[in-house]
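Below you'll find only one chain, the form predicted on its own, shown as structure tokens.
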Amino acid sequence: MSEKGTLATLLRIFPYAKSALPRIALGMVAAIAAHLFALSIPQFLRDLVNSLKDNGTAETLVPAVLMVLLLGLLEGVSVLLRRWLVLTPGTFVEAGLRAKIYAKLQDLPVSFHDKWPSGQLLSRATGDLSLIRRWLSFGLVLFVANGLTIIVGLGILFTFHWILGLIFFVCSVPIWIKGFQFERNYHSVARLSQDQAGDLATSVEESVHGIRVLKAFGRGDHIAGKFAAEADTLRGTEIKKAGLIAGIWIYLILAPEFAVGLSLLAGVWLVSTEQLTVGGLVAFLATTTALRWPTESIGFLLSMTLDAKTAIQRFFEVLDTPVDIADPENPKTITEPHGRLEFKDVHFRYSDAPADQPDLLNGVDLVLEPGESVALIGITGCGKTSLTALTTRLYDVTGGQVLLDGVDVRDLSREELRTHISMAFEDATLFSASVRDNVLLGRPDASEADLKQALEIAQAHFVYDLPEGLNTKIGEEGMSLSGGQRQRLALARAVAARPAILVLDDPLSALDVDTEALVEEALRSVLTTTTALIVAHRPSTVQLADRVALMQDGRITAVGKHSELLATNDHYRYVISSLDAAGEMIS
């Protein structure tokens, strides 16, 4: 294994396995001891056979037999001890690594998750970490122990006769040559296999998530065929892996067998010429038998090691990803937030946008005074949602500033910033938890009164009719609820957080007209004391705000009351006329 390649990669995992290393090291010692006991048995067999040949008595035979029995028992105890030592520590390492990668995924910005398929992340957090655990607990221990056993065993073989030892050594050379070739070829195939497994997990996740769409359009067979094709591709890669492993197994099995055959011929000749005793030949063959398992195991231990190398690389691909949106070294604090929000010459473009394409947000200037509600309106694709995402640093500006009470949001810790600003999205995401936990996600210590008030404002009275009321567990992503019910819970979650600033990205789009009117009336009581930025796709939502900001070509081109803009701005009249009763933008 190359110093800069496999070994250097494997060593990266050890700082994360410090707590397990003592027991893993003791497990190696126990494994080595088991092999040494096994290699010691032939030494006593030599004396036992020679004693039998020389008509040995019970006084000479019994001690040798008892010693062989004792060594066998010690070997068995060492194997049990090795298993006991290494079994538990690996599970703690796996749990620690899984917590580490999960925390990293939570810390990474939204732009990272936009690019990475969920199945790839899932396979790294489950399958890859499980593989690393098995390698630490089993592969590493046996690879070291068996490797040392082979070296020691070859040395012992030379003690019987140098010709026999040389034969066995020469016959083992092709194994080592094949091993280096195997490492070069197997690594790329193993990496491809694990990546394809991640893609397959993504396909499963997408099909389960979109099952309603697939059924509605009758595309189940199509997606099943696509999945089968991906699975077949993975199968082909796994077969290629198996072929490479089988290739090295040929050498691992045939080379020792060939060496034993040659050694037996040479040994018989040496016995006939009295250069070797019969007991010595028996002990030599018994030693080669003791070396059979360590030698044959090298193939799958090497493949496991290379699989672990790939898993470690994939793990660190996530862990090494820089967090572009991070807390400042010396964060500022806002002890008494007033809720003044200012966009000052804000520019923004997505990292994967073409270089010749203008900024999506190209110099936005907008001020929201404390307690003021502003509706943000514009045609589809003008950057409204992107602007709202800058408030809580889901993305960072590429130019200009977003100021909260005069403080650049980048100078605040993300935790503090997100306690001052709360968001409700059009696509309401809920979690597999109780209604209570979902609504109080942003403020777990809220009182029952605050919880009930938030549900009242969002017109989410339906929760009391659920089987267990507020303690009813919502299914994955809340898909057991209607779209309107999910939106109302998401709105209640934003209101319950009691933020200084409330950012609402068209949170009422799935509500019927009557429910929307009730929600808007209840929201007015909240918006009298809370600054609100509302992305509006309905005329009624526009009228909820104190002022309206018109976005056009990445800029705020007009700000004023709805009636004023309606009377003076042609583009505003066009945008308003494009809003139908359902709140959809006509493209």
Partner chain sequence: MTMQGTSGEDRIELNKDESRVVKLRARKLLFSLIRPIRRRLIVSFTLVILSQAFRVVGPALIAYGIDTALPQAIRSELTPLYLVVGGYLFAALATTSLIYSFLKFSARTNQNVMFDLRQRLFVHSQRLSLEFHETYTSGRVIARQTSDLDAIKELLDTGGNEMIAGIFFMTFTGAALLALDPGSFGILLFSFIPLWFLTRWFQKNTKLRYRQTRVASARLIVKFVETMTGIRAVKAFRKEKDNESEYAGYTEDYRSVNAKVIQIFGIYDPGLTMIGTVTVAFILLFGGFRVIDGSLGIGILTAAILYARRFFDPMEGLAMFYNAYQSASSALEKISGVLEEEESVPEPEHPTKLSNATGHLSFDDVEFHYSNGKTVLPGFNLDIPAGQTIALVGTTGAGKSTLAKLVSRLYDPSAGRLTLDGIDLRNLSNLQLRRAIVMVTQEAYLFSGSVAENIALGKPDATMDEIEAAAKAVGVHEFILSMPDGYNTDVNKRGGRVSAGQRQLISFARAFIADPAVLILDEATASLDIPSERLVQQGLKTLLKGRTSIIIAHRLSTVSIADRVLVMEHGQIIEDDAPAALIAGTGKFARMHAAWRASLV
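Numbering follows the first chain given and starts at 1. In this text, all values refer to a predicted model and were calculated from it rather than measured experimentally.
Although not depicted, the form predicted in complex with the partner chain is the subject of the following passage.
With the partner omitted from this view, the residue of 208, 170, 449, 177 that lies near the partner chain in the model of the complex is 208 [heavy atom within 4.5 Å].
Contact with the partner chain in the model of the complex, judged by any heavy atom within 4.5 Å, is made by just one of 166, 152, 214, 326: 214. Only one segment in the set 397 to 405, 415 to 423, 155 to 163, 328 to 336 has residues whose heavy atoms sit within 4.5 Å of the partner chain in the model of the complex; it is 415 to 423.
At a distance threshold of 4.5 angstroms between non-hydrogen atoms, residue 527 is out of contact with the partner chain in the model of the complex. The partner chain is not shown here, and in the model of the complex it never comes within 4.5 Å of any heavy atom of residue 25.
Contact check for residue 539: a non-hydrogen atom falls within 4.5 Å of the partner chain in the model of the complex.
Contact between residue 551 and the partner chain in the model of the complex is not found at the 4.5 Å heavy atom cutoff.
Proximity to the partner chain in the model of the complex holds for none of 36, 371 and 453, with the criterion being a heavy atom within 4.5 Å. Annotation for 87 to 112: interface residues with the partner chain in the model of the complex are 87, 88, 91, 92, 94, 95, 98, 102, 103, 105, 106, 107, 108, 109, 110 [heavy atom within 4.5 Å].
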